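First, one chain by itself in structure tokens, the form predicted alone.
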Amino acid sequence: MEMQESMMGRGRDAIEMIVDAGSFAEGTVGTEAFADPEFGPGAVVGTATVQGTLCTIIASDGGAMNEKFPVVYAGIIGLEEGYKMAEAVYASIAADAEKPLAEKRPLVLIVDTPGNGPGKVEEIFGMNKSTAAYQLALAEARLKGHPIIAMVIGRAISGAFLCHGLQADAILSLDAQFGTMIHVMPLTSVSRIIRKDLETLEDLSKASAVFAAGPRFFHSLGGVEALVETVEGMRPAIAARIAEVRTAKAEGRQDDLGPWGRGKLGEARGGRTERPRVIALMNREFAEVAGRYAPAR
């Protein structure tokens, strides 16, 4: 596998690679204008076309720094960024509220983030509310019929990927030759939390998709629907996935998309063999006690 130039930290560059030439209007989604450049500078939102289809674009900017929050830099999604991204999603929903399912605009999430990395100030203000607001907005948009496609170009790590990516209908990723990373947290952090030595975890990461960081491991778990081999391939891959998602929604196959769909895909690929057994066990145990908490009328 020949290594390619990394796309880490190049969220703005990726926008121009993905959208139709000259179509990106930054800071405008529907009737909403994001006029304050100092609010959530690490989040780039706007409107563009992808092979002629009007889309909302949401990306993290690896070159921006939020001076009000010193830990928000290099693509980290901070408190303001989370709310700004959520606002762009709700602006998309509002703009298409009266449109039929087939005309709901897609949302394209360009993912390159090392995490949330909240500092003390963000924790006091409620960083969790910001990221939760963004997750909820995406979930609402997905269930209202907007196709949501996440395109991983660099890092997709921890809580930032949880809010900026994992609520999508479909997730695509540049392949491993671009140095893309998808994982919950670095092995050094895992080592401290579960009190396993780093050498043991490094050995596990060579064979276990749970501990490994590359996109191919996440692909085996169903977390990534497809790997993209070239930067030129991102635009057609996203356009094709938008069409597939629209068809699935029109046919009422919501469970083949999003988090549930990725679970089934992981099972089919042999990467999540225990998932159906665990779900069946939980359903069985819940059924045994449900009557105590919600008696039948």
Partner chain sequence: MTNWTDLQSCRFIEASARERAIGLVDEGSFTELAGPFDRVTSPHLKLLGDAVAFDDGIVTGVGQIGRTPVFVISQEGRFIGGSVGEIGGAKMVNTIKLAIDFHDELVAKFADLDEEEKPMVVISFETGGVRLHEANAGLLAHAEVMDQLQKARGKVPVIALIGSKVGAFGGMGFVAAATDVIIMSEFGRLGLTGPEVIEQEMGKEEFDASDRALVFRTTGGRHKYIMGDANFLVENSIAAFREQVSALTGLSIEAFEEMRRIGSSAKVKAQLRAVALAAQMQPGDATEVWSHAGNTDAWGLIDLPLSDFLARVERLSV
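In this text, the rigid core denotes the largest set of C-alpha atoms whose superposition between the two forms falls within 1.5 Å. These numbers were taken from a predicted model, which means no experiment stands behind them. Positions refer to the first chain, counted from 1.
What comes next is about the form predicted together with the partner chain, which is not displayed.
Although the partner is absent here, P259 sits close enough that one of its heavy atoms falls within 4.5 Å of the partner chain in the predicted bound form. Although the partner is absent from this view, A21 stays clear of the partner chain in the predicted bound form, with no non-hydrogen atom inside 4.5 angstroms. Residue contact with the partner chain in the predicted bound form: E87 places a heavy atom within 4.5 Å of it. Not displayed here, the partner chain is kept clear of E229 by more than 4.5 Å at the level of heavy atoms in the predicted bound form. The stretch from 100 to 108, 68 to 76, 145 to 153, 173 to 181 that comes within 4.5 Å of the partner chain in the predicted bound form, counting heavy atoms only, is 68 to 76. The putative spot formed by R12, T188 and R253 is not touched by the partner chain in the predicted bound form; no residue has a non-hydrogen atom within 4.5 angstroms of it.
Of all the residues from 129 to 144, those having a non-hydrogen atom no more than 4.5 Å from the partner chain in the predicted bound form are K129, T131, A132, A133, Q135, L136, A139, E140, R142, L143. Once you line up the core between the shown form and the other one, the Cα of A21 stays within less than 2 Å of where it was.
In the core-superposed comparison between the shown form and the other one, the C-alpha atom of I194 has shifted by at least 2 angstroms.
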